[in-house]
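In the block that follows, a single chain appears as structure tokens, in the form predicted alone.
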Amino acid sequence: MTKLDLDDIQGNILRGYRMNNVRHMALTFGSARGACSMLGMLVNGDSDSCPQITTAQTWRETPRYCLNLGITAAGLKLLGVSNSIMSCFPKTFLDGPAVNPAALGDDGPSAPENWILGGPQGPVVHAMLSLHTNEEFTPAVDDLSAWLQALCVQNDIEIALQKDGEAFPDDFVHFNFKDNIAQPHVCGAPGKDSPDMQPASSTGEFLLGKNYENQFRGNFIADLPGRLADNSTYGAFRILKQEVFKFEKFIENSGLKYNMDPELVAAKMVGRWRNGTPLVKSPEENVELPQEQLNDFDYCPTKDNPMYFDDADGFRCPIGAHIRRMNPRSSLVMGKPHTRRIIRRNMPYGPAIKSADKPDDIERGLIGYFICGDLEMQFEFLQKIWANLDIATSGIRGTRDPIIGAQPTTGGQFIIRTEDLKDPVIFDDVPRMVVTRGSVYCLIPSIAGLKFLSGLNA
């Protein structure tokens, strides 16, 4: 296994910072020279006060801030990356998410013409700058933002959009579910391994070049030059509005209609109880499990766990439940096991709801990156195939992901199978629960890659 050069890898790829605040800034470059100048400052730390890009190097003490940068295809072109190099990038990255949005479920209210970021109506986005802080313990976002804004003015760069996220206690999100539980562990990455029946993901699933191997025993770098792409990766930056009141109303009405506890309806749709307990471990009762047990489960017996409960029929956790569609683990129902993994670096935006019984017009949701070595084979595959395609498999045929799926305007279906061999419970009026509000695809370069880019027009 190739040893990771943590000083060369941006920190948000391999580690969750566990910081409670983030400010994302969408940048539009005015000139190649100015953009290269700013990249150089952010990489080299030309000033004691100038924020610097954070690497994956292990901390001794929690820093005051963490800073990361992703660059779009349009940004790379403006920086001066040659046509011969640009032609080596995957077409999916070059096209961006707004070229074929319906395949990703980005139609209707989620269509690009309604986006506040990355759509045809908005400004061209050349880069995404993400500033992480802990405002409750070490306020820093305003001072650091002022420095970044000054750098932008100095280098003819416009901040086209600025949007903040803030973590909720215990990693809960607006749907009132505990999140950030099932992140893949990457071979060689820093951090402690938690109990998890899933094998570690190969380094090449998330990092380009350097002889890393992906799931196909190849490397996603293709013909890109190592000086730009080694230790880099891709990120799908998304702003996802969550229809919280619609979700709460749906589980309440469905509970009444089918004589089910609304909390069980919610758990069946997600695959976990709200506190994170997986249904395969506790299918009928919401028990409180220690944090280290929340991801230590599977859906079927395996070579390493031959006596494990077999939920192939989805009696405990429906086959169409959100977490099972997005990560079937060892199950063979939806493809080769333990593949198509992505790293999620998301945080809630918008205020927490005070009462689910009192709807308001405030927008709230999740904002951040879905990180992977191949946008088409990982991120887009999950969106196109596992979330939104009518897969001919018992238990999910004719349905879409009940949480992130692009449901028909007439309502989608969700199927709950029962062990008493009665007819399954079929919800046929599932509304769209998540609406895309913005999206761009970024290359998240290595430190060496950023230095290469900063020197193109220095």
Ligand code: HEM
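The structure presented is a predicted model; accordingly, all values stated were derived computationally and were not measured. Residues carry their position along the shown sequence, with the first being 1.
Keep in mind that the form predicted together with protoporphyrin IX containing FE is not shown, yet the notes after this line are about it.
- In the model of the complex, protoporphyrin IX containing FE sits beyond 4.5 Å of every heavy atom of residue 237.
- Contact annotation: residue 177 falls within 4.5 Å of protoporphyrin IX containing FE in the model of the complex, judged by heavy atom distances.
- Residue contact check for residue 404: one or more of its heavy atoms lie within 4.5 Å of protoporphyrin IX containing FE in the model of the complex.
- At a distance threshold of 4.5 angstroms between non-hydrogen atoms, residue 382 is in contact with protoporphyrin IX containing FE in the model of the complex.
- In summary, the region of this chain contacting protoporphyrin IX containing FE in the model of the complex, judged by heavy atoms within 4.5 Å and restricted to 107-115, 227-235, 267-275, 82-90, corresponds to 267-275.
- The single contact residue among 130, 72, 327, 201, judged by any heavy atom lying within 4.5 Å of protoporphyrin IX containing FE in the model of the complex, is 327.
- Proximity to protoporphyrin IX containing FE in the model of the complex, defined as a heavy atom within 4.5 Å, holds among 161, 289, 260, 181 only for 181.
- The single residue of 433-454 lying near protoporphyrin IX containing FE in the model of the complex is 434, the criterion being any heavy atom within 4.5 Å.
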